[in-house]
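The chain that follows stands alone, in the form predicted alone, written as C-alpha cells.
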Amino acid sequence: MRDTYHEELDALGGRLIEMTRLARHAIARATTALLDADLTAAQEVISGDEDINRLDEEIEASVFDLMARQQPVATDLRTIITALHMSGDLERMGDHAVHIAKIARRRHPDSAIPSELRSIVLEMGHQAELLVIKAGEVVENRDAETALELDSDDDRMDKLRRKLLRRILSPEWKHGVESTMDVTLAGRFYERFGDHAVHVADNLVYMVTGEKPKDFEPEA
C-alpha cells in the first residue's frame, strides 16, 4: 500500500512537469501566431489548452483522493497541497497563452504587433519560455536554490513590458486604439505568464524546505 501511495505522489510531480512542457509549447506557438499572423498556430494553442486543463483536473482529483484515503501529514501533506497550487498556476499560464493566441486570431490576416514592436514582443516570448523551462527543471529536480532565481529572472519580463508601454505612450505612436489595446493586453498576458512561473518556483521552495522563499537561506 505504501509503495502505491508513493507512486501516486510521484505521479503528481510527473503531471506537473508535463504541464510545464505543454505551457512552454503553448507560449512559443502563441508568440508565433501573434507575430506572424499564423492562424494555424493560434488554433493549435487554443485547442491544445484542453490538455493542460485535463492534467490540472487529474491533479486536483488525485490530491483529493490521496487526502481522503491516506490522510497524509507533514512532508507528504505539504507536497500534495503545493502540487495543487502549482497545477493551478500552470493552468493559468496555459490560459494566458490562449489569450495571446486569440488576439492573433482576431486580427488575422494582419499581425497584431506593429513592426517597430516585434523585437520587444519576440523577446518577451523568449523570456516566457525560459521562465517556464526553468520552472519545470526546478520541479523535476526539487531544486529549491535554483527556484529562488526565478524571481530575478522575471524582472527581465517586467522591464520588457514597461518598455512596451513606453513605446505605446510615446508621441510617435500612430497605430490607433485597436492596436494599442492589442499590444497592451499581449504585454499584460506575457507578464502574468511569467508571474505564475515564479509562483510555481515559490511553491517548490515551500514543498522542499517547509519555508517561504523569503525565509529560506541556501547553504553557502
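The first residue of the sequence shown is number 1, and the count goes up from there. Keep in mind the model is a prediction, meaning the values are calculated, not measured.
One more form of this protein should be noted, the form predicted in complex with another copy of the chain, which is absent from this view; the next part is about it.
Colleague: Check whether residue 39 has any heavy atom within 4.5 Å of a heavy atom of another copy of the chain in the predicted bound form, and answer yes or no.
Modeller: The answer is no: residue 39 has no heavy atom within 4.5 Å of another copy of the chain.
Colleague: Although another copy of the chain is absent from this view, report whether residue 114 comes within 4.5 Å of it in the predicted bound form, heavy atoms only.
Modeller: Residue 114: no contact with another copy of the chain in the predicted bound form.
Colleague: Find out whether any non-hydrogen atom of residue 57 is located within 4.5 angstroms of another copy of the chain in the predicted bound form, and reply yes or no.
Modeller: Contact check for residue 57: yes, within 4.5 Å of another copy of the chain in the predicted bound form.
Colleague: Taking another copy of the chain as it sits in the predicted bound form, is residue 148 near enough to touch it, meaning that at least one heavy atom pair lies within 4.5 angstroms?
Modeller: Flag for residue 148 set to no.
Colleague: I need the one stretch from 39-47, 63-71, 24-32, 149-157 whose residues put non-hydrogen atoms within 4.5 angstroms of another copy of the chain in the predicted bound form.
Modeller: The contacting stretch here is 63-71.
Colleague: What I'd like checked is whether 81, 91 and 189 together line another copy of the chain in the predicted bound form, meaning each has a non-hydrogen atom within 4.5 Å of it.
Modeller: Every listed residue reaches another copy of the chain in the predicted bound form, so yes.
Colleague: Along 149-183, which positions have a non-hydrogen atom within 4.5 Å of another copy of the chain in the predicted bound form?
Modeller: Counting only heavy atoms within 4.5 Å of another copy of the chain in the predicted bound form, the contacting residues of 149-183 are 161, 165, 168, 169, 173, 177, 178, 180, 181.
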